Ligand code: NAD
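First, one chain by itself: the form predicted on its own, in structure tokens.
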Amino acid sequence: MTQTSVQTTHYVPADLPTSIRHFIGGEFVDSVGGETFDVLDPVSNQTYATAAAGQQADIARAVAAAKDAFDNGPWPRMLPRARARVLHAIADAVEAQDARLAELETFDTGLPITQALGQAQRAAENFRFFADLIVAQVDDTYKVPGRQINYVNRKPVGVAGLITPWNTPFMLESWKLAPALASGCTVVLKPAEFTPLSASLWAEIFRTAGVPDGVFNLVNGIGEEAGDALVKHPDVPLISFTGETTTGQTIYRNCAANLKGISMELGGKSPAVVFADADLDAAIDSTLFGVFSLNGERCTASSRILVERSIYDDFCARYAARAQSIVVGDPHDPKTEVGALVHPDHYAKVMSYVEIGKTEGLLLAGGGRPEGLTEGNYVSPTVFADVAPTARIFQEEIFGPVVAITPFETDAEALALANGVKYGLAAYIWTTNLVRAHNFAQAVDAGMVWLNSHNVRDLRTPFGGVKASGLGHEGGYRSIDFYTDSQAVHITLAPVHTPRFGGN
């Protein structure tokens, strides 16, 4: 099977750093013990930089800086409007250099440049949104006339530990940084080890915007080392984690010892359910974008497509033809629609699933490396049909440009198939029957549901999953809830008649 591809001279951004350091207490620093790790370019798989590899001592140093800034610094005590001005300045700085950010993100992750630019712009919007939200926030007040007033006082929790993934890293870092800082917390960020480049830009952005030293701290490193130390540190009262489900289970266990607050957005195997009465052209457009954008490396990817039997053959034929026409190539080429996967280890995992899929379904498109792209982590957009619900490619998260298509006969069968996996992050439903749409949406096991749409999200709404896809929700006021403690204050307005224990 052929695959449209573009092969251009590999683009390397100017002024790339050769070393990436931690940022602690307002300073760029190396690891206490001098440990480093190599960072690869996913197109050539060559080392382009070494990064400081954080250990327990580095996390301890970062947490101490964050705790001092929280206990003694101005950030938690600033008026919401003052913090909002700083967050808007951060958004301004991100927007002013969005092309550079996208260039570096593309080089570091293999994401197509046009999609990386959109992620940089979304990062700026995240800061603007939470800057406005923290100013507009209201707290509850309850009055008992003539007797009592009760109100809720929100207090920032303290040092927030943020552990972020390697897919769209800059945007997903902003998704945690913005509400944590808006709430008055100080932070220690541990970015993914595969993609530390764009995270290193936050330090100068924050410093220029007026974030005090110690409020933002960054420690690079391996999850089992730096991430583990951050999760276990007793002075970090809450952890926000986005990543793989088994890692989330480990973090959950390790947080228990100190009863930490946890928010975890984990894996997904989201269904797109296409009924016979759907707008088929729109459904095909959306489901192609839903699994092949961002190289398929997205937690909400519609990687299982369930299609009503009467339109199944037509859907499969049209879908496969479109998948074969997707342009795969150098991520910096604006014509590229699917770039290189982030790392050779992940490439090997995805390709192993492609081989498994050849024994579990009917291969309609892709199934290997695109022609003409002999180096780099390139996988052709791959489509399997007639996939049984017991198949591994139906049940397990692949996190790459691979999709499984399965037919169904009835609404009940469609729902059983949609819910028949351990995950429950997102679901996409395609039908013009409004009654069916709402009933199906409310019955499906998913934290988020889109009707007749791909993943277009209002920032005010909750983001998160059920079952193995996560614990807790962020987004809008739910993010503020996570990074603050709600304290009830009760004020008496009249004499209180208290039983006099021990009196005569």
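Residues carry their position along the shown sequence, with the first being 1. What you see is a predicted model, and the numbers here were worked out from it, not measured in a lab.
Just so it is clear, the following notes concern the form predicted in complex with the ligand, a form of the same protein that is not shown.
Asks: Pick from 71-79, 215-223, 325-333, 98-106: which stretch has non-hydrogen atoms within 4.5 Å of the ligand in the predicted bound form?
Replies: The contacting stretch here is 215-223.
Asks: Asn167 versus the ligand, in the predicted bound form: is there a non-hydrogen atom within 4.5 Å?
Replies: Contact with the ligand, yes.
Asks: Just to confirm, Ser293 within 4.5 Å of the ligand in the predicted bound form by heavy atoms?
Replies: Output for Ser293 is no: heavy atoms all beyond 4.5 Å of the ligand.
Asks: Would Glu337 count as touching the ligand in the predicted bound form under a 4.5 Å heavy atom rule?
Replies: Taking the distances in the predicted bound form, the answer for Glu337 is no, it never comes within 4.5 Å of the ligand.
Asks: Report whether the minimum heavy atom distance between Ser198 and the ligand in the predicted bound form is within 4.5 Å.
Replies: Residue-level check for Ser198: no, no contact with the ligand.
Asks: Can you pick out, from Gly227, Gly424, Gly184, Pro370, the residue that has a heavy atom within 4.5 Å of the ligand in the predicted bound form?
Replies: Checking each option against the ligand in the predicted bound form, the one that comes within 4.5 Å is Gly227.
Asks: So which of Phe275, Tyr319, Phe206, Phe399 gets a non-hydrogen atom within 4.5 Å of the ligand in the predicted bound form?
Replies: In short, Phe399.
Asks: Looking at the ligand in the predicted bound form, do all three of Val231, Glu265 and Cys299 come within 4.5 Å of it through at least one heavy atom?
Replies: Yes, the whole trio is in contact, each within 4.5 Å by some heavy atom.
Asks: Considering only 239-259, what residues come within 4.5 Å of the ligand in the predicted bound form, judged by heavy atoms?
Replies: Those in contact are Phe241, Thr242, Gly243, Glu244, Thr247, Thr250, Ile251.
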